[in-house]
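Just one chain follows, in the form predicted alone, and it is written as structure tokens.
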């Protein structure tokens, strides 16, 4: 039997960030993870895009604050004897089709409120920055078997929203490793290849966890940062029925293709809701992810037994990207990643306490919360130390933006927000 102040279930980029933040506040932590290394699960499959383009003020502000920490990543870590992940600030473009301008009004209003610079680009300006791009309209997105798939329709991309303060992180798994090393330097411990089989209670409150090899680890605080297994950990804790917002593991494919000749590696990512994909550069390749259009039903899976091979979805995403980039060659051998997202009912995470004293949630984070990881650690540390998330507004100070956010936005009791997809 071992004793700690806090146990963090999960050692992805979120779990490692929580451990570092708690350790810096003098809290003795242990991360336990069923995988062999930090960031080995969902984190390693992240597209690692950093963007403040959200339809809610809190999401926009948190992402913009996190960007400042990515810009000074080595300084934020404070202890980094190994190579560190690199944040590449390229800017990013959101394509706007004629007749859809109203869909982005909330996003632009939030950028204004938070103070994020953005520019409206004309078709001519878009083509200058992204040579070789087609501005034909193809949406709404279709599946391969649907009539007209891959064929242009009436209309055009008539403008773009360019956000300079955006980019991507070169190696998401390395970023998690960096956080682990920094946390260990502060006194945190990590245990890999172990699975939590029981959440222990005494007197109606958390008292620790039991592991699959029989170990009992005692702690008055347990944080569920288990990614795609978060729902199973909640079931072990017996708190699922008390949650207004639930999470499920979604399977996602990301395609890699050799970038076409006109695709500049420093031009920035593109969000293309008309085609149903997003793209970013990656060392001579184009990374292509899904924007989860309505025609693609969620692929909810068992996180311990799912297909980790590419399917027709890989080809669908490749062709959707080729609509926008006519010179994009679709290779015979599929390359990319197949991973899991831990998705909440509205694609917004839960950062909160629970009805079980000592049990906390940092769940529903996959898909769009990698960018926020450097700040989420402090956010969760605030929630854990304040213990007042339900009874009163719990505010977090964002030091770089010189403003506060109300953490009730991430409450387990919130109403489901209006967010369409991973783009939130």
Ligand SMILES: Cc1cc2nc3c(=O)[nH]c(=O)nc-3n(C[C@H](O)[C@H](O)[C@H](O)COP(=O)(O)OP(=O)(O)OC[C@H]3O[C@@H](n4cnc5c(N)ncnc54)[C@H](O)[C@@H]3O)c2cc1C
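All of these numbers come straight from a predicted model, not from anything done at the bench. Residue numbers count along the first chain shown, from 1.
What follows is about the form predicted together with the ligand, which we do not show.
Engineer: With heavy atoms only and a cut-off of 4.5 Å, decide whether residue 324 touches the ligand in the predicted bound form.
Structural biologist: Answer no; every heavy atom of residue 324 is more than 4.5 Å from the ligand in the predicted bound form.
Engineer: Heavy atoms within 4.5 Å of the ligand in the predicted bound form: does residue 41 have any?
Structural biologist: Yes, residue 41 lies within 4.5 Å of the ligand in the predicted bound form.
Engineer: So in the predicted bound form, does residue 394 come within 4.5 Å of the ligand, heavy atom to heavy atom?
Structural biologist: It does not: once the ligand is placed as it appears in the predicted bound form, residue 394 has no heavy atom within 4.5 Å of it.
Engineer: Since only the chain is shown here, I'm wondering whether residue 45 would be in contact with the ligand in the predicted bound form (any heavy atom pair within 4.5 Å).
Structural biologist: Residue-level check for residue 45: yes, a contact with the ligand.
Engineer: Sort through 163, 328, 233, 348 and report the residue having a heavy atom within 4.5 Å of the ligand in the predicted bound form.
Structural biologist: Comparing distances to the ligand in the predicted bound form, the residue within 4.5 Å is 233.
Engineer: Of the options 27, 381, 32, 66, which one has a non-hydrogen atom that comes within 4.5 Å of the ligand in the predicted bound form?
Structural biologist: The option sitting close enough to the partner is 32.
Engineer: Would all three of 11, 194 and 370 be in contact with the ligand in the predicted bound form, where contact means some heavy atom lies within 4.5 Å?
Structural biologist: Verified in the predicted bound form; spot residues all in contact, yes.
Engineer: Out of the stretches listed (113-121, 140-148, 219-227, 155-163), which one is close to the ligand in the predicted bound form, meaning heavy atoms within 4.5 Å?
Structural biologist: Comparing against the ligand in the predicted bound form, the contact stretch is 219-227.
Engineer: In the predicted bound form, which residues of 326-348 put a heavy atom within 4.5 Å of the ligand?
Structural biologist: In sequence order, 339, 340, 341 come within 4.5 Å of the partner.
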